[in-house]
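Presented as structure tokens, the chain that follows is alone, the form predicted alone.
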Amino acid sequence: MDSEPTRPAAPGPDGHIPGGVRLQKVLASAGVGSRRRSEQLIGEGRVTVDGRTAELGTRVDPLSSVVHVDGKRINLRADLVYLAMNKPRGVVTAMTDPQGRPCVGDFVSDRPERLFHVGRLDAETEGLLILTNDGDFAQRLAHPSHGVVKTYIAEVPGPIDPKVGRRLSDGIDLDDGPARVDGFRVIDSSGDRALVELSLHEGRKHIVRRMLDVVGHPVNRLVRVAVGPVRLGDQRPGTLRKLTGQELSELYREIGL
């Protein structure tokens, strides 16, 4: 496991941190660009540290400094991990399972970090699941108050009455309160089978399945294809990838970090 850097002194009145790491070095390590490119960005006034426009020679604390480039927050900490997983059907969303069923933890058992999943997908639901060791990030991302939209594709019995989308958008009553989708569209409909896309920011248990069941289209297969700006794309089931800097910056913005 990567060791945490030594904590430098507190910042002075000008924002500089004696004993900190040079900003261009930190930006280069974070993948923003080479040191020369990072120096150019600083010189153009496109980098801020803790709300102040950075200058060449600025030193920062990678553990606590908040750095933005062109308004987008940059992750400075090499010890924090953010992964996108395509969870296969039949895998339990848990890091361990006392019943011995296949679980998410099996896919990261060889990693040194203590990872955990953000939210959950039921065992029969496939698709995008975010794993991290950043507790503050995970808590904010999972909390419905931040309104991060999740997008799903469901295979359901067809055909789909045009009124179904309106009902879901207007809101329907479930046993634990009303629920509504942020978006709904029919992707494909052929005979007695249809594919629909739903987006919503709620995270109640089985909410997509329950909503579609109420409108007469019980789910045969369900895949989460996006969480905010992070999309599943053509990522294969059972695989993991690091979130890109762009994805992470956009998630930071959505959850207020």
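Keep in mind that this is a model prediction, so the values were computed, not measured. In case it trips you up, residue 1 is the first one in the sequence shown, and so on.
Another form, the form predicted together with uracil (URA), is not on view; read the next lines as being about it.
Checking Val227, Val208, Ala194, Val47 against uracil (URA) in the predicted complex, a heavy atom within 4.5 Å turns up for just one residue: Val208. Site annotation in the predicted complex: the residue of Asp173, Asp122, Asp136, Asp170 reaching within 4.5 Å of uracil (URA) with a heavy atom is Asp122. Of the candidate stretches 31-39, 55-63, 199-207, 186-194, only 199-207 has residues with heavy atoms within 4.5 Å of uracil (URA) in the predicted complex.
Uracil (URA) is not shown here, but in the predicted complex it comes within 4.5 Å of a heavy atom of Leu222. Taking a 4.5 Å heavy atom cutoff to uracil (URA) in the predicted complex, the one contacting residue in 134-152 is Tyr152.
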